[in-house]
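The chain below stands alone and is given as structure tokens, in the form predicted on its own.
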């Protein structure tokens, strides 16, 4: 593949399928330290998009911006071409978040609540459903992610892989259009990584949700991603996985350092 197929922050080369979320010219400093100098990229609709980058490159920071949990210092984040997340007020952010699911690193499940109650929490807080309707929705989502017989268990009683499934279920109960996943493979053994990877691919294919994953797991990224966004030196390089296999940018070679397969 031609090196030009890798798109840089300074100007995307062209989109192979519709862009659901477009990031343009993001700048962000953490104290005196610049995290984003000029980040521009696009995340494809109904596909798995993976954000890669070294430690401190801003993977989780960018994901939090896509979820309106953090604002950039400048720049734009447009959803469906016209909704700029950086300009939303509090009521508009609340409305937007109804269409977004978030799978946090480590799951962020509440230790004192059962797995069922953890998953039901978004519906109890943000939907008019009664308890019987909530139970039906939870059962449907649990079945879709392979959770069985865990309703009354506490998160501490689950294996690492089952915790990931429970966190994913909670993120999916509101039927989001966009699913944001922060390091879903962290702390997992290789076999469980494969299981969670297959689960995410299956959810993407069945539900058609736009998925954005912040990850450090290179092998999994190349197996599942439709688009990769690589954060380097405060900017972004993006493209299809194959574009990174045959590349000309030395920053790409330095980051992967033999991990490309």
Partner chain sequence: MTGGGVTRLGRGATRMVFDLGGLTRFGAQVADSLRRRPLRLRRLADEMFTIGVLSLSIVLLSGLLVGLVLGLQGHTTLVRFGAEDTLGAVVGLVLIRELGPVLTALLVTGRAGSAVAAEIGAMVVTEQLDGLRMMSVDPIDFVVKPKALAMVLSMPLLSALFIVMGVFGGWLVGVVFVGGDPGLYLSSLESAVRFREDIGGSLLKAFVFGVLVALISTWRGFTCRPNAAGVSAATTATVVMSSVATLIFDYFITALWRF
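Treat the numbers as computed from the prediction; the structure is a model and nothing was measured. Positions refer to the first chain, counted from 1.
There is also a form predicted in complex with its partner chain; it is not shown, and the following applies to it.
Among 82, 143, 125, 130, the residue placing a heavy atom within 4.5 Å of its partner chain in the predicted bound form is 125. A heavy atom within 4.5 Å of its partner chain in the predicted bound form is found for one listed residue only; from 226, 58, 42, 67, this is 67. Stretch-level contact check against its partner chain in the predicted bound form with heavy atoms at 4.5 Å: of 232 to 240, 59 to 67, 210 to 218, 32 to 40, the positive one is 59 to 67.
Its partner chain in the predicted bound form comes within 4.5 Å of no heavy atom belonging to residue 78. In the predicted bound form, its partner chain lies farther than 4.5 Å from every heavy atom of residue 71. Its partner chain is not drawn, but in the predicted bound form it has a heavy atom within 4.5 Å of residue 111. The shortest heavy atom separation between residue 97 and its partner chain in the predicted bound form is within 4.5 Å. Contact check for 137, 201 and 204: none of the three has a heavy atom within 4.5 Å of its partner chain in the predicted bound form.
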